[in-house]
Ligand SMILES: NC(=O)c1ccc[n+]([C@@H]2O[C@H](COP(=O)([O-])OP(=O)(O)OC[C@H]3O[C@@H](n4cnc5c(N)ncnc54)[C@H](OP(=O)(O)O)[C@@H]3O)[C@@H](O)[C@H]2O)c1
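There is one chain below, alone, in structure tokens, taken in the form predicted alone.
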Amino acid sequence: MFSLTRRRLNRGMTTNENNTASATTDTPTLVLGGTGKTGRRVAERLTALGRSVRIGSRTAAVPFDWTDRATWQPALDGIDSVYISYQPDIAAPGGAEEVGAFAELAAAAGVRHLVLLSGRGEPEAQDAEARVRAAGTFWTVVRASFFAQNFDEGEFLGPVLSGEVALPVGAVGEPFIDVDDIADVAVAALTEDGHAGQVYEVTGPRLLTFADAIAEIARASGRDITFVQVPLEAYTAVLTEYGVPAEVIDLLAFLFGEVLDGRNAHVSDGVQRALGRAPRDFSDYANEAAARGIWKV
């Protein structure tokens, strides 16, 4: 059955086959990281469309854990398509190998379409993309820039609330992407024709430095919030002092020490190509988050 399935899915990828890769089915979509920033939004949107969703998390009814491969097959049973969000980060050591092994297992289980959340300018992420493409299913890659929501749902909320954000990054432009746009692109790929075989590099519509982003948040929230550039070594030392796990520190050091070196200082048209509309601007994100009161102290 496995070899027959792979031959069927790999037989030249004609235009017609590509256009039907996301056809409507009655079988569920597995959303990995279904309680995280992007996965939660993908699951909510699919549910609102009347699609059956299985949440892939360690606490789900059918548990899924990237570190426990025994959980992978039960989570894949009866699944038609998968949104893949790898934890802790697709650029983390071993991430590409894990994603590739999962993609192969998904193909063997009869999964039809894989939608991978990837990262810009990360060779490790591109390795994971190649492994997904080689697995034998239809595939779509959503290659994302730095999340805007890291400032209100993630690692930088605490510093923003403290009034000072100190990071080891200088005047490098980053086209921050709103995760609602990521979710919209992923859901389109999972539910509409024409997205199989596409790599959507999704960014916001303009470049901002981290200092620019903090200034936008300060304006929107009406608070005095400053940005301070610090050396990478000092930053990681403070994280160590506060008990941040070593693997998280290593990942942040990689992101700030290598990826934010200017290689991603350009905008891309992935949102426009996938959705036919412009991506959301960072100022819109900041205004909406401020209106929710998330940055009040």
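Everything quoted here is computed from the prediction, not taken from an experiment. When you see a residue number, it is the position in the sequence shown, counting from 1.
The form predicted together with the ligand is left out here; the points below concern that form.
Among heavy atoms of residue 203, none comes within 4.5 Å of the ligand in the predicted complex. Taking the partner from elsewhere, residue 197 is found to have every heavy atom lying beyond 4.5 Å of the ligand in the predicted complex. Taking the partner from elsewhere, residue 86 is found to have a heavy atom lying within 4.5 Å of the ligand in the predicted complex. A residue is said to contact a partner when one of its heavy atoms sits within 4.5 Å of a partner heavy atom; residue 65 meets this definition for the ligand in the predicted complex. The stretch among 158-166, 187-195, 139-147, 218-226 whose residues place heavy atoms within 4.5 Å of the ligand in the predicted complex is 139-147.
Among 236, 264, 268, 57, the residue placing a heavy atom within 4.5 Å of the ligand in the predicted complex is 57. This chain appears without its partner; in the predicted complex, the one residue of 95, 110, 119, 175 with a heavy atom within 4.5 Å of the ligand is 119.
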